[in-house]
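Before any questions on binding or motion, here is one chain by itself as structure tokens, the form predicted on its own.
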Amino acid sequence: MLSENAKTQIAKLMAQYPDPRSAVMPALHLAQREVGWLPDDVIQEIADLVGLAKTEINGVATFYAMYAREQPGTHTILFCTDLPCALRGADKLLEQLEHRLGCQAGHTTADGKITLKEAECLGGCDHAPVLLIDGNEHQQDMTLEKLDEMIERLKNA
């Protein structure tokens, strides 16, 4: 459930736009920052606040990869599979990462520690393959050895 402060902030966002629909994405960002992900009850709250159907809000939340509709692990790894990374072996590295984590991209490890997601581009083409950990730790020139070190560090964090 959203805090009163979050609801107030969403109302302020809506006031900035001529159509409340325009506030949906900023409201989803705000809610996700507060809750950590976007469960059904939060989607419904945003729908009620903005005056749209839950399915419309859910459509936005499921279309964009930046919104988490499932509770993420303690850490989130975004792994780039765009062309420059793919040309430098990202597909094989992702396959190995999935194997070592014991979960497919788009899912969370059984212990709830790590969520793995594919990303289209992380802006590091000159040092491909790249990944992003927890939205702020950019890793580049990835190798199997670097993946193993990263996994161990995240599992022990």
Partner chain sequence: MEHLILRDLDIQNIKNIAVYEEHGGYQAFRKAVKEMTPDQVTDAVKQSGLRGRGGAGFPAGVKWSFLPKGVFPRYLVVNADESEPGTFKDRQMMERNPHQLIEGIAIASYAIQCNQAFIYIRGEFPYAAECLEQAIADAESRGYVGKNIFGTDYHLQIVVHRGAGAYICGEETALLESIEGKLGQPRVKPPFPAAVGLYNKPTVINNVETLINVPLIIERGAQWYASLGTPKSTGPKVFCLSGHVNRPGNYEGEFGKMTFRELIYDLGGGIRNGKKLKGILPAGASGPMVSPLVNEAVLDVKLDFESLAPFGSLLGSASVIVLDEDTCVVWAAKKMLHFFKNESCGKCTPCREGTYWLWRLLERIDAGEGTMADIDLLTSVATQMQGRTLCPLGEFATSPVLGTVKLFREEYERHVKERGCWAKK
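Numbering follows the first chain given and starts at 1. All values derive from a computational prediction rather than experimental measurement.
Just so it is clear, the following notes concern the form predicted in complex with its partner chain, a form of the same protein that is not shown.
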_Contact label in the predicted bound form: residue 88 to its partner chain, heavy atom within 4.5 Å_ = yes
*Quick one: does residue 71 come within 4.5 Å of its partner chain in the predicted bound form, counting heavy atoms only?*
no
*If you check in the predicted bound form, is residue 145 within 4.5 Å of its partner chain, heavy atoms only?*
no
*asked:* Considering non-hydrogen atoms and a 4.5 Å limit, does its partner chain approach residue 10 in the predicted bound form?
replied: no
_One residue of 125, 35, 103, 47 in contact with its partner chain, assessed in the predicted bound form (non-hydrogen atom, 4.5 angstroms)_ = 125
*Which residue, 42, 60, 93, 116, has a heavy atom that falls within 4.5 Å of its partner chain in the predicted bound form?*
60
*Taking its partner chain in the predicted bound form, which residues of 1-30 have any heavy atom within 4.5 Å of it?*
16, 17, 18, 19, 21, 22, 24, 25, 26, 29
*Where do residue 33 and residue 137 end up in the predicted bound form, Cα atoms closer or farther than shown, with a change of 3 Å or more?*
closer
*Once you compare with this form, do the C-alpha atoms of residue 26 and residue 139 lie closer or farther in the predicted bound form, given a change of 3 Å or more?*
closer
